[in-house]
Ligand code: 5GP
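Next up is one chain by itself, shown in structure tokens, the form predicted on its own.
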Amino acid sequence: MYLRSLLTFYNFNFQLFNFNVYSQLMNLEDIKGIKSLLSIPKKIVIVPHRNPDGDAYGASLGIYHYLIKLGHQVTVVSPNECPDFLKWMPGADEVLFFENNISKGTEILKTAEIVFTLDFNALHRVGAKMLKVLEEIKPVYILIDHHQQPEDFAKFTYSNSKISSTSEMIYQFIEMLEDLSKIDKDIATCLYTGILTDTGSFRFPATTSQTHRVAASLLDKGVEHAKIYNKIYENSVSRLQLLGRALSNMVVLPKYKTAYITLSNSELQKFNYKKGDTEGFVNYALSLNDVNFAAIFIEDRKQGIIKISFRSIGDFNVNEVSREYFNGGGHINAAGGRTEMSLEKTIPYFLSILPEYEEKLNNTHE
């Protein structure tokens, strides 16, 4: 009966989404299992990755509001704080920051019956402090994520690296549960914010007609898209000055069609750096004519690491580069990594691997 009704729903829903695509990602038994699991009120925790971005926060808060509507006891436990430009989102003031209150965060996680892990593919992405707790507890894990090569730790996994954002996947997840009618303005605002940020305002390659259909549906729920854009992308004087320094530090390597940016800890401090201020800086390097590969290297003395973001055009796979050399990963055209070397040693190391990719970088196809 359930299978027949679900097939009917998809066949007569004017093909908003392709059922065959869904069936490859989460089978009907998984959907039935999750519906059964959520049919009775439970203690649920939602976990985004450490240093959450707009998509991680949008997906987490979007499903938070949805699960509250189902009558569950729900807490978003973020490994650490998000950037200030995300703290306006509906429900953001209810998020518990684990690293600011480890005892309370641990207590909530230990009593959780279900844990949603959103926008990350490996448990270590929550950071060492939270990882220890997640490895000890035994809830039902539900992973929803769009990064490549997810770890096999969840009972239920919804993973597809071709989808623009985890927030778009949350919309699809709610649709698979036949609950789109429960999406209200707050849920829609959170999901739209996640989609907006992870698609680079709908301009990255993973943005599809399906992405736009989801966005349109969210707008129909009352999303104030102009206000969201302004809140996300408004600038401070210090951030623009930091951008100026980043651009002045940019180095272009025509031989490899590569450009990279560096920012030292002292430069960050000089321009009153706040969490999230460097978001999108690497895209300026990628916007250069004849640049197919861009990187930004940011010194983080507090963690003792160099944080790295990679971007590319066409079929040059920065996920492979990041996984192979920089303890990271991500997508084909967008990935992140880190090193424990100094900034002065990281750059020569980066330069030393470029000859290996010279041919690919000079023959990249969009």
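Worth saying up front: this structure is predicted, and the values here are computed from it rather than measured. Each residue number is its position in the shown sequence, starting from 1.
Beyond what is shown, the protein has a form predicted together with guanosine-5'-monophosphate (5GP); the following relates to that form.
Student: Only one of 39-47, 26-34, 61-69, 303-311 has heavy atoms within 4.5 Å of guanosine-5'-monophosphate (5GP) in the predicted complex; I'd like to know which.
Tutor: Single hit among the candidates: 303-311.
Student: In the predicted complex, does each residue in the set His147, Gly330 and Arg338 place a non-hydrogen atom within 4.5 angstroms of guanosine-5'-monophosphate (5GP)?
Tutor: Looking in the predicted complex, the three residues His147, Gly330 and Arg338 all sit within 4.5 Å of guanosine-5'-monophosphate (5GP) (heavy atoms).
Student: Indicate whether guanosine-5'-monophosphate (5GP) has at least one heavy atom within 4.5 Å of a heavy atom of Arg125 in the predicted complex.
Tutor: Flag for Arg125 set to yes.
Student: Just to confirm, Ile298 within 4.5 Å of guanosine-5'-monophosphate (5GP) in the predicted complex by heavy atoms?
Tutor: Ile298: no, not in contact with guanosine-5'-monophosphate (5GP) in the predicted complex.
Student: Even though the partner isn't displayed, in the predicted complex is Val321 close enough to guanosine-5'-monophosphate (5GP), meaning a heavy atom within 4.5 Å?
Tutor: So Val321 does not count as contacting guanosine-5'-monophosphate (5GP).
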